[in-house]
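Take a look at this single chain in structure tokens; it is the form predicted on its own.
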């Protein structure tokens, strides 16, 4: 049979199989001296040519072959689909990782933006000291020069020299001023360095850190940032810090974000309660506690805001979950904080009393 004849022949076979012909295995429409057996299966059909009709047992063997081929082909199709799905999932995961990385960076920049006003306020204070002490020191130097000029003039005229004690006192005062300039200049440099570390990240390695100093630094920055932002409120801040805390192994630039996120959330919660409170007796209060124990460090950030409803308690650590309206929050703050604490080998849990506030409890290993 040539190609055209065979194509026509197989077309007829397909049509016979499609209508459920009783002559399913043997067709009369065949080449001379050739018995062509047609066995359909799920994905197609199997043709077996023989010079005599196949017996029932032989047909069953061929049917078994067709079913085995059908199973193998189905698995091949499933494998092909699985590979395609795997590639699609890997591409989606790569895109998700890239998006997550961008969102984390945006969250870092957002928290940095919340601190900007507080940082500006904190930098302004030491810079004012630097400027003031510099001006006073210049005036003192001018006084010293005047005294020295008087001394030279007195020597030329043979008069009594001016009191050297005054010059010594002025020089001592200048030294004190320069020490204060150095102190406050170092303070301003430290604030800028912390800001840059928070923005771009550091080495990512744990280093012995004075947690109490870190708490004082960033709670203060958060407070001034809130006061300089929209809808500022007065907050009583209580720092109950364990004096025996010592140094805690922390990735400093990461853990500062935890402090920022928890304080910012507390300020937002207390602001909402302050707005809704009609009694006029509500005083927002933020308490930060640190406690060193045998093998762990405990830090508690507690506010007296409206608390967290029980129905959403289990959701607040989930990425993108937020109770804030519109674009006021991304819902990543607590999720990222939880991941950071977990990466430190610790835990972040919440204790709530609805309508009485909430407390976020961090426990970290210190060995």
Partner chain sequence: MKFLVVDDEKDVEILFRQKLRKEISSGEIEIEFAFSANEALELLRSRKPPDVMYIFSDINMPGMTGLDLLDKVKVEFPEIKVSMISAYGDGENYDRAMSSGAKGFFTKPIDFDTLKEEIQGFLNK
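Only the largest set of C-alpha atoms that superpose within 1.5 Å between the two forms is called the rigid core. For clarity, every value in this text was computed on a predicted model and none was experimentally measured. Residue numbers count along the first chain shown, from 1.
Not pictured, yet referred to below: the form predicted together with its partner chain.
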*Note which of 90, 135, 77, 244 lies within 4.5 Å of its partner chain in the model of the complex, where distance is taken over heavy atoms; exactly one does.*
135
*Would you kindly say which of 148, 206, 183, 292 lies with a heavy atom within 4.5 Å of its partner chain in the model of the complex?*
183
*What stretch, of 261-269, 226-234, 91-99, 248-256, brings heavy atoms to within 4.5 Å of its partner chain in the model of the complex?*
226-234
*asked:* Within 4.5 Å of its partner chain in the model of the complex - does that hold for a heavy atom of every one of 302, 318 and 356?
replied: no
*Contact of residue 296 with its partner chain in the model of the complex (heavy atom, 4.5 Å)*: no
_At 4.5 Å between heavy atoms, is residue 129 in contact with its partner chain in the model of the complex?_
yes
*Would you check, heavy atoms only and a 4.5 Å threshold, whether residue 140 touches its partner chain in the model of the complex?*
yes
*asked:* Within 4.5 Å, heavy atoms only: does residue 216 come near its partner chain in the model of the complex?
replied: no
*in the model of the complex, which residues of 166-180 put a heavy atom within 4.5 Å of its partner chain?*
173, 176, 177, 180
_So that I can tell if residue 170 moves, could you say whether its C-alpha shifts by at least 2 Å between the shown form and the other one after the core superposition?_
yes
